[in-house]
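Here we start with a single chain on its own, the form predicted on its own, put down as structure tokens.
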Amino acid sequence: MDDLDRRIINTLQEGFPLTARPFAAVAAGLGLDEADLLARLRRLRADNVLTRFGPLFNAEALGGGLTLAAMAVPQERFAAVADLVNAHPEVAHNYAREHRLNMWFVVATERPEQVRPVLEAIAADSGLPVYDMPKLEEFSLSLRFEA
């Protein structure tokens, strides 16, 4: 990442304009044209510097359900179990960790009572226990890069 990449990431974390051409508005604020900004974002995604680009919704404030879940998956089954987990549209993202509980994922549903059946289905599909770790307290963190 160069200084401009860092400025782009910092700027996009501050908010995203709700206009007909939001990338053009962001680019103008950075002294770029829209095509250059989009090319840089595509490169950052392709290089896995950015693994996700999109809004974060407070599912609970919208009346939905949300939980963090974890599983201890045998390494030889990891890819297959990841496919089972990711087949559920309620799974927002899934990632590996170097820990006994080596698969972590977020389940987001339209209503709170829908979370438990998704976790139960994943446990049944995989034959492995799913550990539900619902949020007890909200923390907000911001990652900023010096440019």
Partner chain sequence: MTTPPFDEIDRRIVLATQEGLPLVPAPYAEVARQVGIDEAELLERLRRMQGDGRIRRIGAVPNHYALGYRFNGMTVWDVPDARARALGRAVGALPFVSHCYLRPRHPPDWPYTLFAMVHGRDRDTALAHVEAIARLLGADDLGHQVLFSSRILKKTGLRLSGGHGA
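Numbering follows the first chain given and starts at 1. Here the rigid core means the biggest group of C-alpha atoms that line up within 1.5 Å when the two forms are laid on top of each other. Because the structure is predicted, anything quoted here is derived from the model rather than measured.
What follows is about the form predicted together with the partner chain, which we do not show.
The closest heavy atom approach of Glu120 to the partner chain in the model of the complex falls outside 4.5 Å. By the criterion of a heavy atom within 4.5 Å, Gly15 is counted among the residues contacting the partner chain in the model of the complex. Leu32 falls outside the set of residues with a heavy atom inside 4.5 Å of the partner chain in the model of the complex. When the partner chain is considered in the model of the complex, Leu4 lies well away from it, no heavy atom lying within 4.5 Å. With contact defined as any non-hydrogen atom lying within 4.5 angstroms of the partner chain in the model of the complex, the contacting residues in 88-108 are His88, Pro89, Val91, Ala92, His93, Asn94, Tyr95, Ala96, Arg97, Glu98, His99, Arg100, Leu101, Met103, Trp104, Ala108, given in sequence order. When the rigid core is held fixed, the Cα atom of Leu128 travels less than 2 angstroms between this form and the one not shown. After superposing the rigid core, the Cα of Leu101 is displaced by less than 2 Å between this form and the one not shown.
If you fit the rigid core between this form and the one not shown, you'll see the Cα of Val49 move by 2 angstroms or more.
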